[in-house]
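The form predicted alone is given below as one chain in structure tokens.
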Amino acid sequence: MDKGKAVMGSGRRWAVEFTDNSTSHSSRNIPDPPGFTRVSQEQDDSATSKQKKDAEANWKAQKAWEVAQAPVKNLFMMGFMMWMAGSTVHLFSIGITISALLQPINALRGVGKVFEPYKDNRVDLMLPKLVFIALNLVGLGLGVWKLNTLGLLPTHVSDWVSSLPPAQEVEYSGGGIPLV
């Protein structure tokens, strides 16, 4: 006798049939235990799927707020870097200032792509987007302020017209304490 033919030819010896094809309703005559309520499988599935959808919507809203508040970290870092660069015009301070201007501009251009993974009918993304835009505008203002402290912003008429005399300096610095 071949090993596979005996099992295949005669069928399985230990198979159990779980479907109940009997016409008797003996199981329905037994009362449910206290505290147990019968719920149809469809209602249970719809409640579970609704809970999953609500949980997913809450997760998406939470992550959208995290993304919206992310520029705050960049503001403190960029502010510290601009403070460390000083107020003189040299390569490092100009590079930091250009970076401080380009990062918010690129972030503002890509607002739609940033919040694309969190788009859902049950999640309102308007307020997180507005917060994201506002924080990036603050970062852009920080970069413009640095341009002004470096003296690279045209703030006087003589900056635009070469025939006019430059503006008078308001602040003067003198050297040290006299030792005599």
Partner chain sequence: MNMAIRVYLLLFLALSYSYTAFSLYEDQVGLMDWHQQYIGKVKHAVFHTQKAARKRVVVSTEENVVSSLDLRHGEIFWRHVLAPSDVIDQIDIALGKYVITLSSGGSILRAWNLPDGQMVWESTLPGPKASKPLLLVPVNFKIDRESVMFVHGNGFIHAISSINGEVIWKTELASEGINIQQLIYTDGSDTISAVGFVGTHRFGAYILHVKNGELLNYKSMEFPSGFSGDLSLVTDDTAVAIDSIGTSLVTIQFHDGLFSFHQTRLSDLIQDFQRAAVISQSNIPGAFILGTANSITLIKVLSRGELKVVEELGHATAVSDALFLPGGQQAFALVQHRDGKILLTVKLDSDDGLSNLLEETIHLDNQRGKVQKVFINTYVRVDRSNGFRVLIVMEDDSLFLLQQGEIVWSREDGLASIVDVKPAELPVEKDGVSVAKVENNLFEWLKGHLLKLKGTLMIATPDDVAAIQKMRLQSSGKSKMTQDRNGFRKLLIVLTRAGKLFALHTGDGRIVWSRLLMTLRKSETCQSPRGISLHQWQDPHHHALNQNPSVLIVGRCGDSLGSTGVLSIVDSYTGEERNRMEHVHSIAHIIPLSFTDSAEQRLHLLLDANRRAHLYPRTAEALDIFQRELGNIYWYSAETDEGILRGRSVQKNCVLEEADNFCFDSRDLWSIVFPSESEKIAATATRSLNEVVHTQAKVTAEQEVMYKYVSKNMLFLATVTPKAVGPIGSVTVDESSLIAYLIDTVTGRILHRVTHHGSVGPVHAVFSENWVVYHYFNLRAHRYEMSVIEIYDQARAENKDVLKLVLGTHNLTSPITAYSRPEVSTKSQSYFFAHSLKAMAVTLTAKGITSKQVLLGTIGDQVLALDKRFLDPRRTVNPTQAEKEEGIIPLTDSLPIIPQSYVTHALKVEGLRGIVTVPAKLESTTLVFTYGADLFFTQLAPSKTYDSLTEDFSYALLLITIGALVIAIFVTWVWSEKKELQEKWR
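Residue numbers count along the first chain shown, from 1. For clarity, every value in this text was computed on a predicted model and none was experimentally measured.
There is another form of this protein, the form predicted together with the partner chain, and it is not shown here; the text below is about that form.
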Problem set entry | Distance check, V131 to the partner chain in the model of the complex, heavy atom within 4.5 Å | no
Problem set entry | Contact of V114 with the partner chain in the model of the complex (heavy atom, 4.5 Å) | no
Exercise. Though only this chain appears here, would W160 touch the partner chain in the model of the complex if you measure heavy atom gaps against 4.5 Å?
Worked result: yes
For this session: Please check if V16 has a heavy atom lying within 4.5 Å of any heavy atom of the partner chain in the model of the complex.
Result: no
Problem set entry | Candidate stretches 58-66, 137-145, 122-130, 151-159 - the one whose heavy atoms come within 4.5 Å of the partner chain in the model of the complex | 151-159
For this session: Answer with closer or farther for the CA-CA spacing of P166 and L101 in the model of the complex compared to the shown form; it moves by 3 Å or more.
Result: farther
